[in-house]
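Heads up, the chain below is alone and in the form predicted on its own; it's given as structure tokens.
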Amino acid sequence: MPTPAATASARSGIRVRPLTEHIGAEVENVDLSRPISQAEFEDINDALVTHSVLVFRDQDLPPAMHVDFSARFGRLVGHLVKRFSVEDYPEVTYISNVRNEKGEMIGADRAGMVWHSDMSYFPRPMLGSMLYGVECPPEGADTEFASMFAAHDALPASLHALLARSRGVHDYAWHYANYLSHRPPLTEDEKAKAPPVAHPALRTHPVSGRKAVYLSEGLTRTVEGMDEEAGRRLVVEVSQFATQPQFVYRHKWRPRDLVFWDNRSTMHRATEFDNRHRRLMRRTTVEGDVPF
């Protein structure tokens, strides 16, 4: 099917241009360096629910305005690992390979390289995340986003029936040990703040009512009540099905891009890049609802 046509809002003047059939839209005619109006907020929120990933190009977004815009959508939650927070803005996290004068990484380096939904390991996972490009490598370090709505709608009937009665076990300590072993280990206090939690394998979007897959290879360790290895195989099978190319939008970053995605209806991952190039991004995350 062709990509839907762009639309302009009579309410706020914002223009929304879909990027693929299933997921992603570029939002134009809005300046995020100033507080947005109620009409702009409503149109952006509607677009997020519809398209799951919103791209705002050429935005001047210092940390204060990054926080201001993000907080319109809900309570902000900083990273579990506090050393990655932006100075004076604990709600903002650096995603970066840049080192400070002590030689320490200032942010979460090589983060999110496997499919996941942000902070799904909390009882109330994230509604959405906003990532802002300060410095971007000349090539690579793209972000891929997959529509969990489209994946759900394409599930074979037998797999859908199994997932409809299943709950995935989301486990940050397991994720960290398996995918982030290049970093200093988590402290016992950090582990205690995010014990494993189970969520429905298929969740209902609280605004649209649409169903979405909610298992990810990166953060869902296994399936509750199943043998650990069998549950893990099911998680990987579903994650691979849900991230087929026809369900994916790949964002090629430019400095001053802001991308806002709905964690209730997407998975995402970062792609490889030459680590000799500096990468400096800022992220906020907005708390959502208990999945159902």
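Predicted model, so just to flag it, every value in this text is computed and none were measured. Don't overthink the numbering: it's just position in the shown sequence, from 1.
Keep in mind that the form predicted in complex with N-oxalylglycine is not shown, yet the notes after this line are about it.
J.: Looking at 210 to 218, 197 to 205, 158 to 166, 112 to 120, which one sits within 4.5 Å of N-oxalylglycine in the model of the complex if you count heavy atoms only?
T.: Stretch 112 to 120 is the one.
J.: Decide whether A270 counts as a contact residue for N-oxalylglycine in the model of the complex under a heavy atom distance cut-off of 4.5 Å.
T.: Answer yes; at least one heavy atom of A270 falls within 4.5 Å of N-oxalylglycine in the model of the complex.
J.: Considering non-hydrogen atoms and a 4.5 Å limit, does N-oxalylglycine approach L131 in the model of the complex?
T.: L131 belongs to the contact set for N-oxalylglycine.
J.: At 4.5 Å between heavy atoms, is T143 in contact with N-oxalylglycine in the model of the complex?
T.: Close contact exists here: in the model of the complex, T143 approaches N-oxalylglycine to within 4.5 Å, heavy atoms only.
J.: Does N-oxalylglycine get within 4.5 angstroms of any non-hydrogen atom of F247 in the model of the complex?
T.: Output for F247 is no: heavy atoms all beyond 4.5 Å of N-oxalylglycine.
J.: Is N-oxalylglycine close enough to I95, W261 and R283 in the model of the complex that each of the three has a heavy atom within 4.5 Å of it?
T.: Spot residues vs N-oxalylglycine: full contact, yes.
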